[in-house]
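Just the one chain here, the form predicted alone, laid out as structure tokens.
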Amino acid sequence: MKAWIPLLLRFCLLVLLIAFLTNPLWFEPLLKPLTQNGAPAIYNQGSLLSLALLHLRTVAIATVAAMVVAVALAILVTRPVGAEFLPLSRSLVNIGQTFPPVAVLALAVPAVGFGEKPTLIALFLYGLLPIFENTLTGLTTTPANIVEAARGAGMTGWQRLLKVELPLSVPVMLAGIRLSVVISLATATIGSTVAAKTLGEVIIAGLQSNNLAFVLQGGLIVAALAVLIYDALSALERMAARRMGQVAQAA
């Protein structure tokens, strides 16, 4: 019975999130005490659902781009031809963690203008490190006996990579992607300072008008999305780990 409690709580959170995004006026009585001087309790300068979807789209685009680059770099430096580039690759993926997101946005705006592009650049740079390091760990900790068995079966280097090493690295890679997504979900809110359409609009509007209800609803939506996506990716990670464990035992 206890095992179902966390799942039930997550389901209730999902239902509440969907209800709030599609019918926010239902929750107005709960948020009204947080307003002053008759200010609106529900964000009324745009659709919360649209902002949430645009927020998720921005995070998804940046995460996919970071995955492509980080995984490619990890593959390169774990091959004999690219092993010498490991220090350089680590330096490159650490760039995003060196500068604050606001600094990245400030540097990107003169180059690409206002809107979604500066935010994508910031999220892309921030997402590289966890994906790269986890992919690198997964590829370098693949059981040697399995790799040798694949080599003995006549597989080429690329065949071993695509059919053995990468599939066995999936659980560790998913952990890096999960961390990258959660970081990006929170960081994307500051994109609204450069006119990107994210849930940061709600928070910024609340700060500008001293409306705690706006700040709270924007923050809670982002937090709910982060929890739900984190749990979904964690479940995928566990499924992949069980599957790869069975494959390793069979080998």
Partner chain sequence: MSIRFDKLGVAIAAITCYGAFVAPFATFRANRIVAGEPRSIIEALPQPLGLVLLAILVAAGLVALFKTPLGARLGGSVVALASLALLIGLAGSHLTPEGNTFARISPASGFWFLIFSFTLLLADVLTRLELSPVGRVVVLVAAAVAIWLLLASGQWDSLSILKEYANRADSFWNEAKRHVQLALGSLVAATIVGLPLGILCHRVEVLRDGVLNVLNIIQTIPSIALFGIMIAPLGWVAANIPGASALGIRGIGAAPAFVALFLYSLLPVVANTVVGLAGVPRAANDAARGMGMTGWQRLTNVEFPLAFPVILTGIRIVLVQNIGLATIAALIGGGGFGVFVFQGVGQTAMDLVLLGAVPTVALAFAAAIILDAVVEYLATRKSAEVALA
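These numbers were taken from a predicted model, which means no experiment stands behind them. Numbering follows the first chain given and starts at 1.
One more form of this protein should be noted, the form predicted together with the partner chain, which is absent from this view; the next part is about it.
### Query
At 4.5 angstroms, heavy atoms only, are P6, A52 and A175 all close to the partner chain in the predicted bound form?
No: none of P6, A52 and A175 comes within 4.5 Å of the partner chain in the predicted bound form.
### Query
Tell me which of 65-73, 210-218, 24-32, 38-46 has residues with heavy atoms within 4.5 angstroms of the partner chain in the predicted bound form?
Every other range fails; the passing one is 210-218.
### Query
Is A223 one of the residues lying within 4.5 Å of the partner chain in the predicted bound form, judged by heavy atom distances?
A223: yes, in contact with the partner chain in the predicted bound form.
### Query
in the predicted bound form, does V112 have a heavy atom within 4.5 Å of the partner chain?
The answer is no: V112 has no heavy atom within 4.5 Å of the partner chain.
### Query
Just to confirm, L92 within 4.5 Å of the partner chain in the predicted bound form by heavy atoms?
Taking the distances in the predicted bound form, the answer for L92 is yes, it comes within 4.5 Å of the partner chain.
#### Entry: the partner chain contact in the predicted bound form: A196, any heavy atom under 4.5 Å
Contact with the partner chain, no.
#### Entry: Residues within 4.5 Å of the partner chain in the predicted bound form, restricted to 91-128 and counted by heavy atom
Heavy-atom contacts within 4.5 Å come from S91, L92, I95, T98, F99, P100, V102, A103, A106, L107, V109, P110, F114.
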